[in-house]
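The chain below stands alone and is given in structure tokens; this is the form predicted alone.
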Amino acid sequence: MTTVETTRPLTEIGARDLRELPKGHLHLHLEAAMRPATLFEMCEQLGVDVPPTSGFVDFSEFGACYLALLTVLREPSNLDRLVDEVFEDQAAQGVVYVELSVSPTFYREVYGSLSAALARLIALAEAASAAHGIAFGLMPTVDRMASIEESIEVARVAVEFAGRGVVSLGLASDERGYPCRDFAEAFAIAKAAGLQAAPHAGELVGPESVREALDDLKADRVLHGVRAVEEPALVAELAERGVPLDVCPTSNVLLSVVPELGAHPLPLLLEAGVRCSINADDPLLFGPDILAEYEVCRSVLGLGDEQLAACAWTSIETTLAPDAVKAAARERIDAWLR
């Protein structure tokens, strides 16, 4: 596994403070947004071993690390704590809108049903939103390695809460052997209820996965999507249609999507007119949270402040965030540039 240095301060003296840039965080998986210290404390309280959060060499090992985090979250009070801390951490980094990927299937047994689990996640997010002053939306996420029937069940429970905390439907896990087209029915259900379609695509599989996300799932946003660069016509189509990519540079390095940060295609995508947001994906497992990802994009990828501001605006304007949040963010982004 490639090692990425993220601990040193990256902002140059005199540069605009990226913490002050209002931003949305759209590609963030709840469980892996946990603080390392919190994971340690929860394991100590429950008397269980701390699961590994690094050392994975491929996506399968990464997935096993992720699922091991659920051990401490079977305790409801720990889930309560996690959600509150995630919102606190995001607010401290200049996030004004967070769209959390959540998997109600993880908590069905604890709360009795998918609907009850999602209702509890919404209630926790509402409380954390009020406490820390940032807006939110939830993205119930389909596991592409589970059954098609389960994907439809998740879509239906997401629709149950459309406009009441849920704003989108996601699709995650290993792309290989689980194409987007298999989940067309679930996403049609979500789209019909006004939810955004936000599947992972173009991470472990090439541009054909991104094209399926567009054509078969009618994607409003694509999470990752960076392998679209392998097909220039697809890049041009993304730019023309204005479909944004929710990009996670460090994640792409650690899961061998790109060989090193300096080779990440984000600058090429932006230069081609593709709208992109900057995200952390799984901070507990990959290292940097969103502010550090912005710093990396500035210092390693060479993005200028105009480009970073454009990514920040994309991360808010292309979502179902409240109009008031969008208007306030637009004003503050413009002020940040001035």
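Numbering starts at 1 and runs along the sequence shown. Keep in mind it's a predicted model, so treat the numbers as computed, not measured.
Another form, the form predicted together with a small molecule, is not on view; read the next lines as being about it.
Asks: Quick one: is F40 in contact with the small molecule in the model of the complex, heavy atoms, 4.5 Å cut-off?
Replies: Outside the cut-off, so no.
Asks: Report yes if any heavy atom of E293 sits within 4.5 Å of a heavy atom of the small molecule in the model of the complex; otherwise report no.
Replies: Residue-level check for E293: no, no contact with the small molecule.
Asks: Does at least one non-hydrogen atom of D246 fall within 4.5 angstroms of the small molecule in the model of the complex?
Replies: Taking the distances in the model of the complex, the answer for D246 is no, it never comes within 4.5 Å of the small molecule.
Asks: Is it the case that T250, even though its partner is missing from this view, gets within 4.5 Å of the small molecule in the model of the complex, heavy atoms only?
Replies: Answer no; every heavy atom of T250 is more than 4.5 Å from the small molecule in the model of the complex.
Asks: Based on heavy atom distances of 4.5 Å or less, which listed stretch (294-302, 280-288, 44-52, 307-315) is in contact with the small molecule in the model of the complex?
Replies: Looking at the partner contacts, the answer comes out as 280-288.
Asks: Which of V159, A172, V229, L214 has a heavy atom within 4.5 Å of the small molecule in the model of the complex?
Replies: Selected option: A172.
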